[in-house]
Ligand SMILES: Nc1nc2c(c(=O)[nH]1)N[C@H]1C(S)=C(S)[C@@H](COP(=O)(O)OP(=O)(O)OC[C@H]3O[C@@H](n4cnc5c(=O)[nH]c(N)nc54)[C@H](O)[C@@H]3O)O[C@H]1N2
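So this first bit is one chain, no partners, the form predicted alone, shown in structure tokens.
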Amino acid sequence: MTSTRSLCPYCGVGCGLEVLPDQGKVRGDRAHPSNQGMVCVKGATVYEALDRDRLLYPQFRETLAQPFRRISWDEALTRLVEQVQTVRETQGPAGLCMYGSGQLQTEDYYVAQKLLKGCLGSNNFDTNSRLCMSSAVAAYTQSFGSDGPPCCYADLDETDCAFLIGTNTAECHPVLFNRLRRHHKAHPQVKLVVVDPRCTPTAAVADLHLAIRPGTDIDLLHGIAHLLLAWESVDRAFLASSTTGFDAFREVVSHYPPETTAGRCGIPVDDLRRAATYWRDSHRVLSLWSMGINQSAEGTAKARSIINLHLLTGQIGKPGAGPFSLTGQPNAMGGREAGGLSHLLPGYRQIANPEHRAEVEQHWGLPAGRISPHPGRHAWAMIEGLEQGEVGLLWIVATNPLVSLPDLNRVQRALGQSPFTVVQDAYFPTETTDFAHLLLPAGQWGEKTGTMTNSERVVTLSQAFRPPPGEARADWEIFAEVGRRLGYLPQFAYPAAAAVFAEFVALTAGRTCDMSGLSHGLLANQGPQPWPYRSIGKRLSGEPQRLYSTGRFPTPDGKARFCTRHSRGLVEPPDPSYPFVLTVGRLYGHWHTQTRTGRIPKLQQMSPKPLLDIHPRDAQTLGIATGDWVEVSSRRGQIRVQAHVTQSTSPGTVFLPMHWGALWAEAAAGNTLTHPVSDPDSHQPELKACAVTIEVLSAAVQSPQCPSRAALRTGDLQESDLPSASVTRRFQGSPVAKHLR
């Protein structure tokens, strides 16, 4: 059998895959260091979506009221280039926006940065990583002087205390959780602490589950620090040699004594002391976090508060220890390295830094001053720009913001008045294509060769094993052709993706994310490699690579900074009109907005429809039983879903999966309810918590919801085949492990 080594296009674990094109199947790559042959149900079934509902040809329409018509690539690119030139002449570069995705390969990201930020002079490039990891980026940068998780997956096998906060790892990063769980079960002395308002499959197997009130993460973390200081369980030598700001931090946490902290968090004081005791008694504490921390109006401060505990105890830069953010998307890390946020440039550079801009301009062969010194529009600012008539062209690539952005009613109104929206995607339809003027068909996983970087900074070359269908093209090729048509021939004369990567890694030389020794050829021959991987003094293959093992950090004085912020709590706490806190999240069987997983029958059967998890006490008060239709309302909109009465959520908190948009269910998009208020440092919206009210619907007003209509369209399922109670199985036993193979 002929096989091709590839990379799973779903979460940030970065699992290696072996693709068997002749059989139309994939299996885990045993040689890949990140998953060691394991693969979850999404990765195991990914091949099935390759040929379903693909966007095969460019399409265009003058207005949103008209139907699309097929056009040639030449016409499509001509229209796009003309619109770019018109906007530059009438509104300036600030009128151009591109919104990308962690689904893009690093080569795609890099060419897009060069086109937008360099040649066109617009820093208005942002991605859905803004909704995912931007708080972690800001936290690492503020605390350490640079982005970049300091840990690696080998730490999962060496820790003696895993502290998981704001992450349902069992469902969202299942291969990693399985690895950690094996270590946990094999070593009884290893402690697993999970902080989550819900009793998720992750929390169900913890030694200690802290079901804190939503929005009290900083209170908890400061409360643990208060106890560690009271017990003198700190690393004084590390504090003196490697940190700054300790005295101010100590003053802040003095206001979080155990009784006060436990009361705010809604947990027993003994559980708070137990968590602090685990930190005190452990020599290798590994903290893991994801969306539950980052998606907050104080997400940066939350992440930095986790880092504070590691600085306080010297738990960083050594095996089994450190603050480890788990990225949500397969190449969110690569995007950060390539400058894929509106305030960044390639190589972990900052747009606001004149030396950084000059270095990139020189590398790109552009005149001095071409890159604007002002950070561009982040994701939500693009929506505001459409509302204010300041955005003349919005180019959306490999993402589906009409499901994933907050306050969807407002997003729909803004996109409805966009003068010119380009959607570049592999699939059609999506919720976002309804708002496009120009559709560009893109190749996806398996149809283009390029690199991605996972959560542990391992760079993998994902090899193409088939050509794109129809007239689809690789994303970087589309960007490069636009650049050439705009007159920038020398900047975009790439013969292949390998040349793009070579140019990019040269720009990382000397940076924290130094990859200057990597190439497509090296990755193809030697396999995945973590950075730093410099062009001189290459490390030995397979050696675990951790940052900051010397206790020195990339700050002006070489020291890490303590965060000294108090907890502010939720932006929108519950009140008598909206008495519940809604939190949204992910299910094991689906991925983001179902653009790919919704078209795979097995995954549709696992989770066929969205359900609202509600605690029995709240359900009894409202007269709700499992299966009842309810209307959930916030200050921004309403949805209608069926209720699932369960002990898995805390009283006062309800949970809704975020995967269902209008294409997959009627009036059930969770982000109809969420608000766009964001973190002042990271600009990441508080997607995890908003205030809602719940009303039971009578039979006469229940919506005829069809949660599987896309699957029905493929002819693979019948309505009677969908088990309405399947979601409840998530909380029985260990539902994730049985799907790992």
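Residue numbers here begin at 1 and follow the sequence given. It should be emphasised that the depicted structure is a prediction, and the values quoted were computed from it without experimental measurement.
Just so it is clear, the following notes concern the form predicted in complex with this ligand, a form of the same protein that is not shown.
The candidate spot formed by 128, 132 and 196 is fully in contact with this ligand in the predicted complex: every one of the three has a heavy atom within 4.5 Å. Contact with this ligand in the predicted complex, defined as a heavy atom within 4.5 Å, holds for exactly one of 192, 584, 645, 606, namely 584. This chain is drawn without this ligand; in the predicted complex, the residue among 598, 323, 347, 292 with a heavy atom within 4.5 Å of it is 292. The shortest heavy atom separation between residue 394 and this ligand in the predicted complex exceeds 4.5 Å. This ligand is not shown here, and in the predicted complex it never comes within 4.5 Å of any heavy atom of residue 682. Interface membership of residue 442, defined by any non-hydrogen atom within 4.5 Å of this ligand in the predicted complex, is confirmed. The closest heavy atom approach of residue 448 to this ligand in the predicted complex falls within 4.5 Å. Comparing 137-145, 607-615, 576-584, 483-491 against this ligand in the predicted complex, the single stretch with non-hydrogen atoms within 4.5 angstroms of it is 576-584. For the partner-free chain shown, 671, 674, 687, 688 of 669-693 come within 4.5 angstroms of this ligand in the predicted complex, judged by any non-hydrogen atom.
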